[in-house]
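Subsequent text provides structure tokens for two forms of one protein chain, presented individually as structure 1 and structure 2.
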Structure 1
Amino acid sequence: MKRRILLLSALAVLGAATLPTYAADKIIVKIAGMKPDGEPETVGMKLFAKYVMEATKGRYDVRVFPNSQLGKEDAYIAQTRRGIIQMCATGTQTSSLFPAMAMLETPMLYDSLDHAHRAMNGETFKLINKGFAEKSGMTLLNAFPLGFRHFYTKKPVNSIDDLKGLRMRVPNIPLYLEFAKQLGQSGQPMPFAEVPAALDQGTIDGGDSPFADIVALKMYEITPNITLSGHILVIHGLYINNDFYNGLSPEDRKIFDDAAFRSAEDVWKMAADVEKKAIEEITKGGGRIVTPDAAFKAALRKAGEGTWELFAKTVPNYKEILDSTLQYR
């Protein structure tokens, strides 16, 4: 142990950031995320931590930092790539490193959670992920849903025309900016953690989020109109620094892989329940839920499919990825 400590101190001086930290013979793994406690992303991280610690009988001390505690998403993704922390949970923010990752959240593609679940456990996930690790310095271990995105707005939205011209918060991701453009909105890019302040200060007219976020941040108190558009299924996943992951023994790597799979399956199972409970809570809290009619749905589909042009320009195997989802209908 003495030799190991000496070696680690020497390497720390040399700035070898990708080595894990050892505390009393435990290997510390830090995972950062952006969502508050109780949301599917945080539940997924915590379950992963539990499964790894159980299977390794505490040899690994997996520490979870939700709610942007280690910085906003772009900051902690950079920390994971550099090995300052070992893991993070995020979504299609990683498309800035590898454009195909945006296709995890292809708008208006999935008929249901089950359809997406099968695609994420099958060829679609593999095709999207192919080449990502080499390009980014991180490996994506799994994919789990945060829920379908719905619009939350100050004004009631009953048709596609009501969405036009609104200042809507979007994540700083090209796909989302493109979707806002297709809808004739003024997309206001900002990190997730800045949304509550922007709503309070009135710098935005609304945005779009899964129910889990709408409920956790009580968005319906300021923007009470919730339009059940379901235009994008948000898919997050656990990303792990390549040097750390490839440095694990084959046995430990299997434990990490199994824990990632199991925790994602748990989140898929809870997803439908989250939606049901959220509707009750929003209605109780004074929110008004609007279900789009057929014409509105068709217009949303047109706008969503309009964004696929972006994939045609940036993702060489985009057609193969889209086609692969058909077999999971």
Structure 2
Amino acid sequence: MKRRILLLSALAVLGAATLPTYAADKIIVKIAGMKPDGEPETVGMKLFAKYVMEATKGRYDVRVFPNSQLGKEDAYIAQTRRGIIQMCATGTQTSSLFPAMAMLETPMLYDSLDHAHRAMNGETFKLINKGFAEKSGMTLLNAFPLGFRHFYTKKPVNSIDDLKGLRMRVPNIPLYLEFAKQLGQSGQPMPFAEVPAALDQGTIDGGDSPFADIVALKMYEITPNITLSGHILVIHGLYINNDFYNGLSPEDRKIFDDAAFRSAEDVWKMAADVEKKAIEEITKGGGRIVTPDAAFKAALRKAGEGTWELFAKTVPNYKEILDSTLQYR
């Protein structure tokens, strides 16, 4: 009898994990993210929260936890899958659950922010996302840019040959490591927070990041040479636990969907302005910005296409995804 009671108690705890939390007749929704205040990911989360709470007149209390307050990225993704929290913001980290999600950041795929915006509002996003909810336990509600990645280096980079042999920090993601390899670089995986110390110690020669990160850590003071390579567009999105999402009434689900769309559109509109302001700050701070010529860009594209073979091995519809972007150029 005692064993049966313990078993029922354990099942009750597991079941409760997927239920929403109520506080004074409000439904609490928690969203976790990794970026600090002011960065596009956090802006997107806060706008989503604002739109949901306005549309429901506060019936939903959407609470945003940026800057890894609820743990590192893999931890809060796991919490969202299990229903411990309802939502999170992340990027291609979810490719460990569903390989096609890595194609959100396919190297050298987009000509511009506008090109990517159209693709993410169209068939490309649908094709990448197809089957993800069933595999992961989460639904991806939207996609928004953190910005194109650009190289920052101690030495000037005026041609593609200047990148060869450099020890460059990369995220510990196979796609990024492969791109560095295709360029003839020595990819050094490490957390972004460790980059300034590694540069000071001479462990690395540079790296690549969106402007928001370059400006946030004032990377241009340590590595004053910024190359506008734009080789990878970092795309994040809002993910929601399937049980919670599917348990919403049709009216509330539409409110969540509309809020996700509106918040993503706001971030897309901000993206170009963020890049312009970052260039001004970098230049004012003593950074040197170089725009690659056509030959440099062609070499970057060749390296990018060299990474696409990774998708052929893991994503059954990868060719359809790549081809779908052509209509949005």
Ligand code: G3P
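Because the structure is predicted, anything quoted here is derived from the model rather than measured. For the two forms, the rigid core is made up of the largest set of C-alpha atoms that agree within 1.5 Å on superposition. One-based numbering along structure 1's sequence throughout.
Q: Pick one: which is the form predicted together with SN-glycerol-3-phosphate (G3P)?
A: The chain shown as structure 1 is the form predicted together with SN-glycerol-3-phosphate (G3P).
Q: Aligned on the rigid core, do the two forms place the Cα of residue 148 2 Å or more apart, comparing between structure 1 and structure 2?
A: Shift of 2 Å or more: no.
Q: Core-aligned, does residue 288 move its Cα 2 Å or more between structure 1 and structure 2?
A: Yes; that C-alpha moves by at least 2 Å between structure 1 and structure 2.
Q: Quick one: core overlaid, is residue 227 moving 2 Å or more at the Cα between structure 1 and structure 2?
A: Result for residue 227: yes, a 2 Å-plus shift.
Q: Could you check how much the CA of residue 194 shifts between structure 1 and structure 2 after a rigid core fit, in angstrom?
A: C-alpha shift for residue 194: 5.5 Å.
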